[in-house]
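Okay, here we've got a single chain as C-alpha coordinates, the form predicted alone, with questions on binding and movement later.
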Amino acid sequence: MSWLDDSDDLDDDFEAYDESSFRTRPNPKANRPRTKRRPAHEDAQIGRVLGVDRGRYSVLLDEDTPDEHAITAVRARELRRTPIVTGDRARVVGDTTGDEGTLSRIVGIVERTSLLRRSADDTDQVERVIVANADQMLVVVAAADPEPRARLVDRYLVAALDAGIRPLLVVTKTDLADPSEFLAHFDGLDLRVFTSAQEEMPVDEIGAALVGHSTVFVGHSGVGKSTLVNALVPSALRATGHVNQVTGRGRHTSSSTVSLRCEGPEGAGWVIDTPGVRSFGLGHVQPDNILAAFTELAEIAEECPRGCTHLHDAPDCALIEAAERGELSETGLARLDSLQRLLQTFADKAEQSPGR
(Lines give C-alpha, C1' and ligand atoms only; values in the text may rest on other atoms or scores of the structure.)
Protein backbone atom coordinates (compact mmCIF):
# COMPACT_ATOMS: atom_id res chain seq x y z
CA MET A 1 0.00 0.00 0.00
CA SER A 2 1.38 3.43 -1.00
CA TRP A 3 1.62 6.47 1.24
CA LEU A 4 -1.30 8.02 -0.67
CA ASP A 5 -3.56 5.40 0.83
CA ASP A 6 -2.78 6.91 4.28
CA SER A 7 -4.03 10.44 3.37
CA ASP A 8 -7.24 10.02 5.36
CA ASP A 9 -5.22 9.16 8.44
CA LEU A 10 -2.97 12.20 7.92
CA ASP A 11 -6.02 14.48 7.64
CA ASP A 12 -7.21 13.14 10.97
CA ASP A 13 -3.82 13.93 12.55
CA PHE A 14 -3.76 17.52 11.23
CA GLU A 15 -7.32 18.06 12.47
CA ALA A 16 -6.11 17.16 15.94
CA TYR A 17 -3.74 20.18 15.85
CA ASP A 18 -6.12 22.59 14.14
CA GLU A 19 -6.18 25.93 16.08
CA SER A 20 -9.86 26.36 15.34
CA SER A 21 -10.54 23.45 17.63
CA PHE A 22 -8.76 25.17 20.61
CA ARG A 23 -11.04 25.61 23.63
CA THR A 24 -10.47 28.59 25.97
CA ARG A 25 -10.77 28.34 29.73
CA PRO A 26 -14.08 29.68 31.09
CA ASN A 27 -13.94 33.21 32.55
CA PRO A 28 -16.93 33.46 34.89
CA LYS A 29 -15.92 36.97 36.15
CA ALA A 30 -15.67 38.27 32.57
CA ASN A 31 -12.61 40.35 33.53
CA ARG A 32 -10.01 41.42 31.03
CA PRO A 33 -6.52 39.91 31.02
CA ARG A 34 -3.87 41.94 32.87
CA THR A 35 -1.72 44.30 30.87
CA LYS A 36 1.11 46.73 31.61
CA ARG A 37 -0.39 49.30 29.28
CA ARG A 38 -1.90 52.21 31.19
CA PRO A 39 -4.42 54.78 29.98
CA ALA A 40 -2.93 58.13 28.98
CA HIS A 41 -5.42 60.18 31.02
CA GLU A 42 -5.29 63.14 28.65
CA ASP A 43 -8.28 64.58 30.51
CA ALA A 44 -6.50 64.63 33.88
CA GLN A 45 -6.55 67.90 35.82
CA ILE A 46 -3.48 69.18 37.66
CA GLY A 47 -3.79 70.33 41.26
CA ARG A 48 -1.69 71.15 44.34
CA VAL A 49 -1.49 68.50 47.07
CA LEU A 50 -2.37 70.33 50.30
CA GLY A 51 -1.99 67.40 52.70
CA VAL A 52 -2.59 63.72 53.32
CA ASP A 53 -4.59 61.97 56.03
CA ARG A 54 -4.78 58.17 56.26
CA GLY A 55 -4.39 57.57 52.55
CA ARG A 56 -6.68 60.42 51.48
CA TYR A 57 -5.11 63.37 49.68
CA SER A 58 -6.51 66.90 49.72
CA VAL A 59 -5.87 68.45 46.30
CA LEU A 60 -6.55 72.05 45.24
CA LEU A 61 -7.85 72.42 41.67
CA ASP A 62 -8.24 75.53 39.50
CA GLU A 63 -5.83 77.42 41.75
CA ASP A 64 -6.15 81.23 41.72
CA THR A 65 -9.31 81.15 39.60
CA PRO A 66 -12.99 81.76 40.50
CA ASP A 67 -13.51 77.98 40.21
CA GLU A 68 -10.85 77.10 42.80
CA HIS A 69 -11.91 74.21 45.02
CA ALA A 70 -10.43 71.33 47.01
CA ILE A 71 -11.15 67.67 46.33
CA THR A 72 -10.35 64.39 48.06
CA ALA A 73 -8.37 61.81 46.11
CA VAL A 74 -6.70 58.43 46.51
CA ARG A 75 -3.52 57.11 44.93
CA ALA A 76 -3.87 55.01 41.75
CA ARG A 77 -2.61 51.44 42.01
CA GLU A 78 0.22 52.09 39.56
CA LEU A 79 1.60 54.79 41.92
CA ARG A 80 1.71 52.57 45.00
CA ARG A 81 5.53 52.81 45.12
CA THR A 82 5.67 56.52 44.31
CA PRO A 83 5.71 58.88 47.31
CA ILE A 84 3.10 61.61 47.04
CA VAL A 85 3.74 64.49 49.43
CA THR A 86 2.49 67.95 50.30
CA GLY A 87 3.45 70.41 47.58
CA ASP A 88 3.28 67.89 44.76
CA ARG A 89 1.51 68.84 41.53
CA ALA A 90 -0.78 65.86 41.01
CA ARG A 91 -2.69 64.71 37.92
CA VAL A 92 -6.19 63.64 38.98
CA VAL A 93 -9.11 61.99 37.21
CA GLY A 94 -12.61 60.93 38.16
CA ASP A 95 -15.17 63.03 39.99
CA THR A 96 -13.39 66.35 40.51
CA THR A 97 -16.42 68.37 41.62
CA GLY A 98 -15.39 68.22 45.26
CA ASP A 99 -18.95 67.45 46.33
CA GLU A 100 -19.41 65.64 49.64
CA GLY A 101 -18.81 61.91 49.31
CA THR A 102 -16.93 62.15 46.00
CA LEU A 103 -13.47 60.65 45.52
CA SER A 104 -10.97 61.29 42.75
CA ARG A 105 -7.86 59.36 41.78
CA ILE A 106 -4.25 60.59 41.49
CA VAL A 107 -2.78 59.01 38.35
CA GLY A 108 0.49 60.91 38.02
CA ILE A 109 2.88 63.47 39.47
CA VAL A 110 4.25 66.45 37.54
CA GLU A 111 8.05 66.66 37.52
CA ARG A 112 9.21 68.27 40.76
CA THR A 113 11.31 71.43 40.92
CA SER A 114 12.72 70.55 44.34
CA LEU A 115 12.50 67.78 46.93
CA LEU A 116 13.27 68.25 50.62
CA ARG A 117 14.33 64.98 52.23
CA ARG A 118 15.76 63.61 55.45
CA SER A 119 16.86 60.20 56.70
CA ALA A 120 16.27 58.52 60.03
CA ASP A 121 19.91 59.10 60.98
CA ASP A 122 23.23 59.89 59.34
CA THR A 123 24.04 56.25 58.60
CA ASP A 124 20.67 55.50 57.01
CA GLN A 125 20.66 55.79 53.23
CA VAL A 126 16.86 55.43 53.09
CA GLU A 127 15.42 58.89 52.61
CA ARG A 128 12.07 60.25 53.70
CA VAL A 129 10.48 62.84 51.42
CA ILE A 130 9.13 65.77 53.43
CA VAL A 131 7.80 68.22 50.85
CA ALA A 132 7.98 68.84 47.11
CA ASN A 133 8.32 71.99 45.02
CA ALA A 134 9.26 74.32 47.89
CA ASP A 135 11.69 77.12 47.00
CA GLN A 136 12.25 78.47 50.53
CA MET A 137 12.82 76.96 53.97
CA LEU A 138 12.09 78.97 57.11
CA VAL A 139 14.04 77.51 60.03
CA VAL A 140 12.40 78.41 63.36
CA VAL A 141 14.46 78.32 66.57
CA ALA A 142 13.95 79.81 70.02
CA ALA A 143 16.49 82.00 71.79
CA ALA A 144 15.61 80.08 74.97
CA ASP A 145 13.10 77.55 76.31
CA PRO A 146 14.23 75.35 74.59
CA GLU A 147 17.85 76.36 74.07
CA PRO A 148 18.81 76.82 70.39
CA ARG A 149 20.87 74.02 68.80
CA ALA A 150 23.29 75.35 66.21
CA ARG A 151 24.18 71.88 64.96
CA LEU A 152 20.51 71.09 64.23
CA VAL A 153 20.19 74.34 62.29
CA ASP A 154 23.34 73.39 60.37
CA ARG A 155 21.60 70.20 59.35
CA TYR A 156 18.53 72.09 58.15
CA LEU A 157 20.78 74.34 56.09
CA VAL A 158 22.61 71.38 54.59
CA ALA A 159 19.32 69.78 53.56
CA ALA A 160 18.06 73.05 52.08
CA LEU A 161 21.24 73.70 50.10
CA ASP A 162 21.26 70.10 48.86
CA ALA A 163 17.69 70.52 47.61
CA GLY A 164 18.36 73.89 46.00
CA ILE A 165 16.06 75.67 48.47
CA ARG A 166 16.79 79.15 49.85
CA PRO A 167 17.07 79.08 53.67
CA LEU A 168 15.67 81.73 56.02
CA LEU A 169 15.96 81.85 59.82
CA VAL A 170 13.65 83.23 62.49
CA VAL A 171 14.64 83.34 66.17
CA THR A 172 11.64 83.44 68.52
CA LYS A 173 11.43 84.28 72.24
CA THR A 174 14.13 86.94 72.01
CA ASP A 175 12.49 88.56 75.03
CA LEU A 176 13.85 85.64 77.09
CA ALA A 177 17.48 85.70 75.88
CA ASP A 178 19.85 87.60 73.60
CA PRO A 179 20.39 85.54 70.40
CA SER A 180 23.57 87.37 69.32
CA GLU A 181 25.99 84.64 70.38
CA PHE A 182 23.88 81.97 68.68
CA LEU A 183 23.55 83.99 65.46
CA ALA A 184 27.32 84.53 65.32
CA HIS A 185 27.55 80.85 64.38
CA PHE A 186 26.00 81.70 61.00
CA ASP A 187 28.02 84.80 60.14
CA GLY A 188 29.04 84.78 56.50
CA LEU A 189 26.18 82.62 55.27
CA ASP A 190 23.71 84.09 52.79
CA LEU A 191 20.97 83.74 55.38
CA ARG A 192 18.24 86.27 56.07
CA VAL A 193 17.42 86.40 59.78
CA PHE A 194 14.25 87.54 61.57
CA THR A 195 13.91 87.96 65.33
CA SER A 196 10.63 87.66 67.20
CA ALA A 197 9.56 88.42 70.77
CA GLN A 198 6.27 87.52 72.42
CA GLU A 199 4.84 91.00 72.02
CA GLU A 200 6.81 91.94 68.90
CA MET A 201 6.25 89.25 66.26
CA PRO A 202 7.34 90.59 62.83
CA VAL A 203 4.35 89.10 61.02
CA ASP A 204 4.28 91.69 58.22
CA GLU A 205 8.03 91.45 57.58
CA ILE A 206 8.03 87.65 57.47
CA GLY A 207 4.80 87.59 55.45
CA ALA A 208 6.36 89.87 52.83
CA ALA A 209 9.27 87.42 52.46
CA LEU A 210 6.80 84.61 51.72
CA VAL A 211 4.95 86.37 48.86
CA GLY A 212 5.26 84.45 45.61
CA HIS A 213 7.08 81.56 47.28
CA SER A 214 6.33 78.10 48.61
CA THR A 215 8.02 78.08 52.02
CA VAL A 216 8.44 75.02 54.22
CA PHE A 217 8.58 75.74 57.96
CA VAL A 218 10.86 73.47 60.02
CA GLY A 219 11.97 73.54 63.62
CA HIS A 220 12.43 71.78 66.94
CA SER A 221 9.29 71.06 68.94
CA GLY A 222 8.31 73.89 71.29
CA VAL A 223 10.09 76.75 69.49
CA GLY A 224 6.86 78.53 68.55
CA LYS A 225 6.57 77.39 64.94
CA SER A 226 2.82 76.70 65.12
CA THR A 227 2.27 80.02 66.89
CA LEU A 228 4.03 81.78 64.03
CA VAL A 229 2.01 79.86 61.44
CA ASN A 230 -1.24 80.84 63.17
CA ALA A 231 -0.16 84.49 63.18
CA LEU A 232 0.61 84.39 59.45
CA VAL A 233 -2.46 82.30 58.55
CA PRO A 234 -5.20 83.01 61.13
CA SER A 235 -7.46 80.33 59.67
CA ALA A 236 -4.79 77.63 60.15
CA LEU A 237 -5.72 76.88 63.79
CA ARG A 238 -2.57 74.80 64.24
CA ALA A 239 -2.30 73.32 67.73
CA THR A 240 0.28 74.88 70.04
CA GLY A 241 2.02 73.29 73.00
CA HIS A 242 4.50 74.01 75.77
CA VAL A 243 8.00 73.01 76.79
CA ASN A 244 8.51 70.41 79.50
CA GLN A 245 10.33 72.20 82.32
CA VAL A 246 12.09 68.98 83.38
CA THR A 247 13.38 67.68 80.04
CA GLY A 248 13.50 71.01 78.20
CA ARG A 249 11.76 69.37 75.24
CA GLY A 250 8.73 70.63 73.40
CA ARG A 251 5.66 68.51 72.86
CA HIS A 252 4.80 67.55 69.28
CA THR A 253 1.65 69.50 68.38
CA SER A 254 1.64 69.44 64.56
CA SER A 255 1.26 65.80 63.59
CA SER A 256 1.03 66.20 59.81
CA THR A 257 2.48 68.28 56.99
CA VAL A 258 -0.02 70.71 55.50
CA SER A 259 0.10 73.48 52.91
CA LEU A 260 -1.66 76.76 53.75
CA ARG A 261 -2.16 79.92 51.70
CA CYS A 262 -0.66 82.99 53.35
CA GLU A 263 -2.26 86.23 52.17
CA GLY A 264 -1.09 89.73 53.03
CA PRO A 265 -1.20 93.29 51.73
CA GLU A 266 1.72 92.62 49.36
CA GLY A 267 0.40 89.35 47.90
CA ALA A 268 0.10 85.66 48.65
CA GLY A 269 2.41 82.74 49.17
CA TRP A 270 2.25 79.19 50.50
CA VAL A 271 3.25 78.10 54.00
CA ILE A 272 4.01 74.39 54.42
CA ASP A 273 3.94 73.53 58.11
CA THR A 274 5.74 70.35 59.20
CA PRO A 275 5.79 68.42 62.49
CA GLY A 276 8.55 69.40 64.90
CA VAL A 277 11.63 67.15 64.87
CA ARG A 278 14.49 66.67 67.32
CA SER A 279 16.89 65.17 64.75
CA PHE A 280 17.47 65.53 61.03
CA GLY A 281 19.44 62.73 59.34
CA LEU A 282 21.62 63.60 56.34
CA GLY A 283 22.42 60.12 55.09
CA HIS A 284 21.16 61.00 51.60
CA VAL A 285 23.20 64.19 51.07
CA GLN A 286 26.41 64.46 49.05
CA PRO A 287 28.98 66.90 50.53
CA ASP A 288 29.91 68.24 47.07
CA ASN A 289 26.44 69.77 46.82
CA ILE A 290 27.22 71.97 49.82
CA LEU A 291 30.44 73.42 48.38
CA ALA A 292 28.57 74.28 45.17
CA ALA A 293 26.30 76.57 47.19
CA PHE A 294 29.31 78.74 48.17
CA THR A 295 29.93 79.98 44.63
CA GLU A 296 33.01 82.17 45.21
CA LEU A 297 34.68 79.52 47.40
CA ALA A 298 33.86 76.73 44.92
CA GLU A 299 35.87 78.56 42.26
CA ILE A 300 38.94 78.69 44.51
CA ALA A 301 38.43 75.05 45.55
CA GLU A 302 38.96 73.97 41.95
CA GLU A 303 42.71 74.28 42.68
CA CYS A 304 42.46 71.87 45.63
CA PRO A 305 44.00 68.39 45.35
CA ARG A 306 41.67 65.57 44.47
CA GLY A 307 39.66 64.35 47.46
CA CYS A 308 40.32 67.48 49.53
CA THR A 309 38.02 67.74 52.56
CA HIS A 310 38.44 71.55 52.87
CA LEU A 311 38.46 71.18 56.65
CA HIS A 312 40.77 73.17 58.94
CA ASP A 313 43.50 70.49 58.86
CA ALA A 314 43.23 69.59 55.15
CA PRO A 315 46.73 69.50 53.53
CA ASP A 316 47.37 71.69 50.46
CA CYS A 317 43.78 73.01 50.54
CA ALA A 318 43.51 75.99 48.19
CA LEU A 319 40.87 77.59 50.39
CA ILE A 320 43.07 77.48 53.50
CA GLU A 321 46.10 78.74 51.56
CA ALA A 322 44.07 81.64 50.11
CA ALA A 323 42.96 82.58 53.62
CA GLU A 324 46.56 82.45 54.92
CA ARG A 325 47.76 84.69 52.06
CA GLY A 326 45.09 87.25 52.94
CA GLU A 327 43.25 86.81 49.65
CA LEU A 328 39.86 86.39 51.28
CA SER A 329 37.85 89.34 52.56
CA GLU A 330 36.41 89.41 56.06
CA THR A 331 33.13 88.16 54.63
CA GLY A 332 34.97 85.48 52.67
CA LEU A 333 36.73 84.28 55.81
CA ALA A 334 33.41 84.10 57.64
CA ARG A 335 31.86 82.14 54.78
CA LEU A 336 34.83 79.75 54.71
CA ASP A 337 34.38 79.13 58.42
CA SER A 338 30.67 78.47 57.87
CA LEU A 339 31.43 76.09 54.99
CA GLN A 340 33.91 74.16 57.11
CA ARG A 341 31.39 73.87 59.94
CA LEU A 342 28.84 72.40 57.55
CA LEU A 343 31.37 69.99 56.04
CA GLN A 344 32.43 68.96 59.54
CA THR A 345 28.94 67.54 59.95
CA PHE A 346 29.68 65.06 57.17
CA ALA A 347 33.12 64.26 58.54
CA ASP A 348 31.51 63.42 61.87
CA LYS A 349 29.00 61.26 60.02
CA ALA A 350 31.79 59.29 58.34
CA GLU A 351 33.53 58.74 61.67
CA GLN A 352 30.32 57.37 63.17
CA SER A 353 29.54 55.06 60.26
CA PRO A 354 29.60 51.29 60.94
CA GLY A 355 32.91 49.60 60.19
CA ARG A 356 35.11 52.50 61.23
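Values in this document were obtained by computation on a predicted structure and should not be read as measured data. The numbering used is simple: start at 1 and walk along the sequence shown.
Keep in mind the form predicted in complex with a small molecule is missing from the figure; the text below concerns it.
(request) Note which of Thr72, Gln198, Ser180, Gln286 lies within 4.5 Å of the small molecule in the predicted bound form, where distance is taken over heavy atoms; exactly one does. (result) Spelling it out, the residue with a heavy atom inside the cut-off is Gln198.
(request) Tell me, out of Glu78, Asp204, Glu263, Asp175, which residue has a non-hydrogen atom within 4.5 angstroms of the small molecule in the predicted bound form. (result) Among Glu78, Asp204, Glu263, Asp175, a heavy atom within 4.5 Å of the small molecule in the predicted bound form occurs only for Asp175.
(request) Could you confirm whether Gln136 comes within 4.5 Å of the small molecule in the predicted bound form, counting heavy atoms only? (result) Contact check for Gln136: no, nothing within 4.5 Å of the small molecule in the predicted bound form.
(request) Find out whether any non-hydrogen atom of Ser221 is located within 4.5 angstroms of the small molecule in the predicted bound form, and reply yes or no. (result) Yes, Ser221 is a contact residue.
(request) Please run the contact check for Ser259 against the small molecule in the predicted bound form: heavy atoms, 4.5 angstroms, yes or no? (result) No, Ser259 sits far enough from the small molecule in the predicted bound form that none of its heavy atoms falls within 4.5 Å.
(message) Residue-level question: is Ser104 within 4.5 Å of the small molecule in the predicted bound form, judged on heavy atoms?
(response) Output for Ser104 is no: heavy atoms all beyond 4.5 Å of the small molecule.
(message) Taking 4.5 angstroms as the heavy atom distance cut-off, pick the stretch from 109-117, 226-234, 86-94, 157-165 that is near the small molecule in the predicted bound form.
(response) Result of the contact check: 226-234.
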